[in-house]
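One chain is shown next in structure tokens, namely the form predicted alone.
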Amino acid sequence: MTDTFRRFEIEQDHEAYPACFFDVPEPPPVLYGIGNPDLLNPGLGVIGARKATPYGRRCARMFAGWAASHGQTVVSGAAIGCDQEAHLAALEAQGATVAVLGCGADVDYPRRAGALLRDVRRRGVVVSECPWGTPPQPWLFRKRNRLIAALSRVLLVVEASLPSGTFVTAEYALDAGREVCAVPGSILAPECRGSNRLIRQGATPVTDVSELALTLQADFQLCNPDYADSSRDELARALIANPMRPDDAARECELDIVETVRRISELELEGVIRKYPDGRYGSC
């Protein structure tokens, strides 16, 4: 990742133009960005409510931080609420993050996101299809949602009310052949009605990082060799899917308890699993 501001413009016929943008309608003729253009490859898209609840903010941080620490680029739109929490968590995890704006990539919007966007430009990348200096417009943000979808191998909706622009992004993602996931929320919270409806319509529910890991497993094999080796391990897969104590894991996998304890220690040192306060081992 870069530690300096670096502007770039990539035209559609250039070899550096990200192929993923051809998966959505009207691929931008030119991409304008500041930061590291090498990060413009599909990762984990994290989107959610602007008027996020503490629950939504915490979920965005948890899933984005975990994914970033495991080699996935976190993609979002820098909006107040869940989007900003996702970017912050990725940066705090020393991971990569991409902010897609509905204004010029050199414009700080929302204004209170100025410090965050400066960090993303230095350590990740801010990108837009809008020419330099383009002021924010509501229709531009709706349009940019297709670019967030294009840059998402998996799109995770953390929290959404009804109506919500997240449905536009989800529709673009589905049309582009991406996996759409959603975090379940309280049936009494207006901020969760949209995400709960997405699950009812077929989005994959994600309730903890182990479920996100299973969704992203193929991608981790591509970007994280250590995880790739572990993902072929039956014990590692079992613990990621369902945290267990060593004796339960040994029975589940039909392994000797001594071998199970030894392998659990190795997986813990590799950062694939961790010990929970109740004595179970599961995904980090």
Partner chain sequence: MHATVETATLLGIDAVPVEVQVDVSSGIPAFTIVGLGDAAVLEARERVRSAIRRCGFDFPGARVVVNLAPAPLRKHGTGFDLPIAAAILVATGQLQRNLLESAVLVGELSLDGSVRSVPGMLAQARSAQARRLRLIGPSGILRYRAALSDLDAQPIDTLRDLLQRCAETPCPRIDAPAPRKCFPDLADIVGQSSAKRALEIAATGGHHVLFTGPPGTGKSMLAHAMCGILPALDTDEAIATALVHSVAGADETAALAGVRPFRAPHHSATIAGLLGGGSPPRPGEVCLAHNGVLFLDELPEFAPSALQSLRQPLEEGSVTLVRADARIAFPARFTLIAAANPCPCGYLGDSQRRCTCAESTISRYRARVGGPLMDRMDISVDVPRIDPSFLLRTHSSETSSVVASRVLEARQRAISRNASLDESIGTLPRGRLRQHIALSRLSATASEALASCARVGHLSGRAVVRLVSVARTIADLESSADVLRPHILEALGYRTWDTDAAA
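Numbering follows the first chain given and starts at 1. Please read all numbers here as calculations on a predicted model, not as lab measurements. The term rigid core refers to the most C-alpha atoms you can superpose between the two forms while keeping them within 1.5 Å.
Although not depicted, the form predicted together with its partner chain is the subject of the following passage.
S.K.: Glu9: heavy atom within 4.5 Å of its partner chain in the model of the complex?
M.R.: Taking the distances in the model of the complex, the answer for Glu9 is no, it never comes within 4.5 Å of its partner chain.
S.K.: Does its partner chain get within 4.5 angstroms of any non-hydrogen atom of Val30 in the model of the complex?
M.R.: No.
S.K.: Would you check, heavy atoms only and a 4.5 Å threshold, whether Glu26 touches its partner chain in the model of the complex?
M.R.: So Glu26 does not count as contacting its partner chain.
S.K.: Would Ile257 count as a contact of its partner chain in the model of the complex, using a 4.5 angstroms cut-off between non-hydrogen atoms?
M.R.: Yes, Ile257 lies within 4.5 Å of its partner chain in the model of the complex.
S.K.: Please identify the residue among Lys51, Arg237, Arg58, Arg251 with any heavy atom within 4.5 Å of its partner chain in the model of the complex.
M.R.: Only one option qualifies, and that one is Arg251.
S.K.: Which of these stretches, 43-51, 58-66, 30-38, 240-248, has heavy atoms within 4.5 Å of its partner chain in the model of the complex?
M.R.: In the other structure, the partner sits against 240-248.
S.K.: Is any part of 239-272 within 4.5 angstroms of its partner chain in the model of the complex by a non-hydrogen atom, and which residues would that be?
M.R.: The stretch 239-272, when checked against its partner chain in the model of the complex, contributes Arg245, Asp247, Arg251, Ile257, Val258, Val261, Arg262, Ser265, Glu266, Glu268, Leu269 at the 4.5 Å heavy-atom cut-off.
S.K.: Core aligned, does the CA of Gln12 move at least 2 Å between this form and the one not shown?
M.R.: Shift of 2 Å or more: no.
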